[in-house]
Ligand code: ADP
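Given next, in structure tokens, is a single chain: the form predicted alone.
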């Protein structure tokens, strides 16, 4: 499992290191880069400011990474002392005092759950534990259908009660998993800190949840590549963005195969089984938290319903890959249609 995860994370790292593949070596480009493991993925920040001292940039990066670490300590369900873990432990028993960070995330999570009629639901945790996508290399069976059916009533965002600085899960056995939204929020927090520190040209990436601020150096030059979901060493196409956020959800990141059927980690909250139809969904939005949550939501809804849902949100753009694994079909929103370039290339040799 560690080897498989390392391959996945390395692929994401290579993917986003290619964003500036279109720069020409006419002048030396100064940049400062910081990469670390956090939130079970690679977190990478790159600053392209040409007029800032290295001390100022390093100080800003330290502060941004510290904020992301705080978000992880607050929101990770695998850290026993986190606020999310305490909420899960006290489900059906008593409210838990929470920080403004977690409160903000939960407010947005409940909003997207209502907006999508339950396609996005952070109370998926009781079902997620049945699937256990942490031990993929040894998986030979899928969860018992009766066990899934028994836990489905626990998946209900309406039973997250928020009042002032308190959070409470109404039903015993409920639990929260913020894997579809917290990374985006952490990226937004890092983005805000870097801006506050006077950094003007940078990108923040947490496992494919990306937010950009464009300056003179990078304007018009940032390429976002979409991976081929069935040829893991190849890229499917790209588009350019400037001051926006991008997130991709795909069925190729964490999955196992039983009896020739692929079971991936993006679960449909209404069925308790992996969502069907999409292979990958890439969303462009103003904030990384929106892009993170919406890429998951649209993936769960499926290609047609997901695309219609995306069209109802005029502030976002989307690319959906689905259909034939050998030659995926795709849907692209109007704002990206003329920017999308279909160009299959090996992952390690993008220029």
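Positions refer to the first chain, counted from 1. All of these numbers come straight from a predicted model, not from anything done at the bench.
Omitted from view is the form predicted in complex with this ligand, to which the following refers.
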Inset, instruction - Sort through 82-90, 99-107, 267-275, 164-172 and report the only stretch with a non-hydrogen atom within 4.5 Å of this ligand in the model of the complex. - result: 267-275
Legend entry - Heavy atom of each of 124, 183 and 253 within 4.5 Å of this ligand in the model of the complex: yes
Inset, instruction - Mark residue 298 yes when one of its heavy atoms lies within 4.5 Å of a heavy atom of this ligand in the model of the complex, and no otherwise. - result: no
Inset, instruction - Using a 4.5 Å heavy atom cut-off, state whether residue 205 contacts this ligand in the model of the complex. - result: no
Inset, instruction - Indicate whether this ligand has at least one heavy atom within 4.5 Å of a heavy atom of residue 249 in the model of the complex. - result: yes
Legend entry - 4.5 angstroms heavy atom contact with this ligand in the model of the complex for residue 229: no
Inset, instruction - Go through 239, 120, 191, 236 and name the one with a heavy atom inside 4.5 Å of this ligand in the model of the complex. - result: 120
Inset, instruction - Using heavy atoms only and a 4.5 Å cut-off, determine which of 143, 215, 179, 95 is in contact with this ligand in the model of the complex. - result: 179
Inset, instruction - Can you tell me which bits of 50-71 touch this ligand in the model of the complex, meaning any heavy atom within 4.5 Å? - result: none
